[in-house]
Ligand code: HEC
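Below you'll find only one chain, the form predicted on its own, shown as structure tokens.
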Amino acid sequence: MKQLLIIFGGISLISFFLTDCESSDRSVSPYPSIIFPEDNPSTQEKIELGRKLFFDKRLSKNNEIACASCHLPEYAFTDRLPVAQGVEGRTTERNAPSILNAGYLPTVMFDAHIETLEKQVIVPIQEHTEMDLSIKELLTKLRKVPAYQEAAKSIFGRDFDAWVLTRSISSFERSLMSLDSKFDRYYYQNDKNAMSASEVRGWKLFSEKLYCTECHTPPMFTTYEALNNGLYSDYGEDKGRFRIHNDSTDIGKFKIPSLRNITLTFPYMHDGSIGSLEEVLAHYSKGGNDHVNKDKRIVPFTLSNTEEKDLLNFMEALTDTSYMKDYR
């Protein structure tokens, strides 16, 4: 039995035990609670306004792209491009991450440095390689949209401003949940028919032989830490979290992504440099590439063809597209 403790910002939210696929106490929810900011409690009206803004191309220069251009619902709110594309064909440095279950994020962005979704909202809007529109220009534009101005008055009691923009889009993002995969039904809801024998074997490999759970910890399948996974020996221009504090021990460190819906969110890694899960397994099975900051837990391992298939099948069992009912 191995006890794993999930830590968010130093605060223990939930602990549980991993055993032979048996949960210790199914009367207690395994999922951490979403903590809403005191200044932004969730309401359906905010969510709906945020949804409209999220899909509105007017949030970008020349009305070219929306938030949803890089976060498409059918791809688990990613875009399946190696790196995200902005206005005028510009490209960013990084792969667009899924925003499903974003309400659980203790920090946002691959550098794990932005504290709230509210603060994150304005980053892509103003970023030159993404939407390239100043907040001042954007607010002038959106105040001329009667529906947005009326919603701002009705919901927030104020003109459409940066507060309305950030609080509504972040409310929408917190509403995006995906927690009903085959694994959830098997492991947390005690439905022993939910997963196939191969998927169960893959789960045992994942949690008991390879200890992938040390970095991809259930139930969210991430610890949200920024770590160096040995992707490169030389990280070139994008050195990860290093750019936040210029600390050499942060070179090559990027936030661990959740594995939920992993079969939908290719290509993989912070720069979209690995195209398939088979290639991801190959990277880790060789122990990654040598780098002084590479996490010590990344060591070589060997899998048989059957074990690799079982592991891939388990990852498929982490898929939940029930959220798509709102986007079909």
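Here the structure is a predicted model, which is why all the values come from computation and not from measurement. The numbering used is simple: start at 1 and walk along the sequence shown.
What comes next is about the form predicted together with the ligand, which is not displayed.
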Exercise. When the ligand is placed as it is in the predicted bound form, which of 97-105, 178-186, 142-150, 196-204 ends up with heavy atoms within 4.5 Å of it?
Worked result: 97-105
Seminar exercise, completed: Checked K52, R297, K57, K286 for heavy atoms within 4.5 Å of the ligand in the predicted bound form; positive is R297
Seminar exercise, completed: Only hit among I251, M220, I155, I125 for heavy atom within 4.5 Å of the ligand in the predicted bound form is I125
Exercise. Using 4.5 Å between non-hydrogen atoms, is W163 touching the ligand in the predicted bound form?
Worked result: no
For this session: Give a yes or no for R241: in the predicted bound form, does one of its heavy atoms lie within 4.5 Å of a heavy atom belonging to the ligand?
Result: no
Problem set entry | Partner contact for M131 in the predicted bound form: the ligand, 4.5 angstroms, heavy atom | yes
Problem set entry | Any non-hydrogen atom of M315 within 4.5 angstroms of the ligand in the predicted bound form | yes
Problem set entry | Contact test, all of M109, E173 and L210, partner the ligand in the predicted bound form, heavy atom 4.5 Å | yes
Problem set entry | Contacts with the ligand in the predicted bound form - residues in 264-290 whose heavy atoms fall within 4.5 Å | T265, Y268, M269, H270, L277, V280, L281, Y284
